[in-house]
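Take a look at this one chain, the form predicted alone, written out in structure tokens.
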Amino acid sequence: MDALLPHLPVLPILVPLITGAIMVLIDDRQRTAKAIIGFVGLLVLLGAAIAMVVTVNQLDGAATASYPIGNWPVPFGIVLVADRLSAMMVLIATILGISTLVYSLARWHASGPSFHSLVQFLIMGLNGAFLTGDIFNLFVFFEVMLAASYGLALHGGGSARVKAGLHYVAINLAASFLFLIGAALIYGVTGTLNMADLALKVAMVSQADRGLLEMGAAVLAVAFLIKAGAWPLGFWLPATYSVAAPPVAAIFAIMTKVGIYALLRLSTLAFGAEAGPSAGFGQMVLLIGGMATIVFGVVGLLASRMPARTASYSVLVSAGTLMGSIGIGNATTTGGALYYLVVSTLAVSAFFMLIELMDRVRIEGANVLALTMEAFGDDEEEAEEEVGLSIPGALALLSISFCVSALLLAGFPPLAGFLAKFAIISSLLNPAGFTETIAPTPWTWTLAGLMVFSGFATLIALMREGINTFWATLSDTPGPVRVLEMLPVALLLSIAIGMTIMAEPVMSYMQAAAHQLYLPGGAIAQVMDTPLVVSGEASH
């Protein structure tokens, strides 16, 4: 194990790459063999992710674990950088990958070709995007992730899925084109795409070239905002996520967070306090865009009459909350936002899986019937009261899981969603903490108010879904729910509940990750001084 520790940053990329490549060589009809290989690979990846989180958390201050790919010196070679934030994101992606795989074994992995390989390549792209220290390689891993997601978005077939999938492909191809333009502009001005080197050179850019630098950063940010689902660029997300296969939509819950991650990483690293005249560039855009995204997501939540679209708009609400929190530019607020990122991702992923299971306990045409009952009411006089009605165990599990998901997404006590929103709002209203009082600005009041309002709106929308499912349109003969389908839901919600119980150490980790982002000097120096390996020995 000690021999693997120096190589931890590269394992989250190599393991799914090798696993996916092996499964490509196996006939697609050998689904059981592929499932076993995929599950073993993800368990190995889980061990590596946990080891990486523990390792980086034990490092002092802003220290990171950097890994020179190809043994080339920084900034000329590719370097992987693992810190608290990137290690946490790799762990979340791995957990979602395991949940997706287990859920799909019930039936979805047999609904289309190469499902297991695509999941592995998607996780490889996600992990690479989280760990890379270079903007161009961020683009490469984005494309690996997107290429796999194109196949997964179409998994299972159907006209609605194909139509939404083609729109998804077109939008992301345009975003990738913008990504390349932005990266080219930044490279043309600074001569580097290594993030640590870029952080050192941004402050030294001449005034004549600064406009071109900021233009490149703005174009790059547009690509990230499209992937994050920000308003008005996130119009594609509800249509795509709502028709995707349930396990696919569940793992897609983290893909918007990749855009958020990239925005947070570059805004604090390249346009932080040491960026000279460009310090804080785009911060207000993130704040306003985040608030607009929350409003758009809330309107969609309240207007939705389909559970899958409700879940999709919940993704937008969480993305808007994260963008607005990042736009504040406060480490304490960002720490609360990271806690919220994990909770909301787990809850939305579990909710996407629950939607299919909830549909099995509803009568045929339940959505139309529920809408009719909302408009005209129910004929209660003809209803016969049933005494001693038994509740099946599967139905009880579904209803409890739905309630937990709803409380997490709405941010209501006593679960981790409430703790996350409380941490964000308390830092918004008192950014200096309890030692000093600073009056909040109108912007922070507005963001705090929107977060509270979005919680109430989410609760109303999800209560309506719960009533329509478990009360108004419940079938007398609900379909079966398999253990394989409930296990991943229980896993994700159990982790969220565990974050509630272990709130203090988890929040301490998030705050340490946030402060590491806003004080990047030590990490930059360490990445730039990444040692090479010469004849088995580290050398500078």
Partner chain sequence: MELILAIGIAVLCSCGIYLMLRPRTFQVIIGLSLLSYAVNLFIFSMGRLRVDAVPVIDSGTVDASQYTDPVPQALVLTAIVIGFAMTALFLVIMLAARGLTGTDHVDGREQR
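Numbering follows the first chain given and starts at 1. Values in this document were obtained by computation on a predicted structure and should not be read as measured data.
One more form of this protein should be noted, the form predicted in complex with the partner chain, which is absent from this view; the next part is about it.
With the partner omitted from this view, the residue of 236, 412, 150, 72 that lies near the partner chain in the model of the complex is 150 [heavy atom within 4.5 Å]. Between the options 292, 403, 459, 140, the residue in contact with the partner chain in the model of the complex by a heavy atom within 4.5 angstroms is 140. The partner chain in the model of the complex comes within 4.5 Å of a heavy atom belonging to residue 158. The partner chain in the model of the complex is not approached by residue 305, whose heavy atoms all lie more than 4.5 angstroms from it. Within 4.5 Å of any heavy atom of the partner chain in the model of the complex lies no heavy atom of residue 276. Contact annotation: residue 187 falls within 4.5 Å of the partner chain in the model of the complex, judged by heavy atom distances. Checking 169 to 177, 260 to 268, 403 to 411, 79 to 87 against the partner chain in the model of the complex, the stretch whose residues place heavy atoms within 4.5 Å of it is 169 to 177.
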